[in-house]
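Encoded as structure tokens, the following chain is the form predicted alone, with no partner shown.
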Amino acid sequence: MRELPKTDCNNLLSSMELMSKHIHGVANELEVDNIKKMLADLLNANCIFVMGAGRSGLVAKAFAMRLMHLGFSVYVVGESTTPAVKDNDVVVAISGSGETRSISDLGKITKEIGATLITVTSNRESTLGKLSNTIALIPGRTKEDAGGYLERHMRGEYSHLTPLGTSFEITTLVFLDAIIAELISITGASEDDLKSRHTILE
């Protein structure tokens, strides 16, 4: 039998508290006009495509699932059944740095096609940020952290309580679920509507 680790779980509790505090701080600083533009883009899209790399990609898939529950035509970039993007579609890119090579390259293709690009990022001045029609700015670190996003990553200055991109990814997950809540309110959808589209082949 494996021996239980000697811990009082203080780091666990502190990490949860830090993340919840960060989410609350970001919520108070959201650029509401940009969020309204994002909502309008999503509502007016013929199809919605989402993309992200690594854990950001998982957040993108979670968002796509809820959009599907709401009745939107939504696809995950890179899946084998995903169709071509058209100029009346919307692409949602998720990248904390805004410099993830694969995602920024796809952002450039999105603009060449003429589709609308929404980027959820911590870095407004990034490659993706500068390409985007609409930016949802989600800071990945607290104000107390010194240096810019890329500088911190080059130096490897990560908090052990929120390692790597955790602050951005968790906050973005909550933010996008809140976008779904707003869309439910706007469209008048009910929970029964969402349940009716939930997969039964599991």
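Computed from a predicted structure; not experimentally measured. All residue numbers are counted from 1 along the displayed sequence.
Same protein, other form: the form predicted in complex with a further copy of the same chain, not shown, and the subject of what follows.
Contact between S15 and a further copy of the same chain in the predicted bound form is found at the 4.5 Å heavy atom cutoff. In the predicted bound form, C47 stays away from a further copy of the same chain, with no heavy atom inside 4.5 Å. Under a 4.5 angstroms non-hydrogen atom cutoff, a further copy of the same chain in the predicted bound form has T100 among its neighbouring residues. For the chain shown alone, E125 is not a contact residue for a further copy of the same chain in the predicted bound form, no non-hydrogen atom being within 4.5 angstroms.
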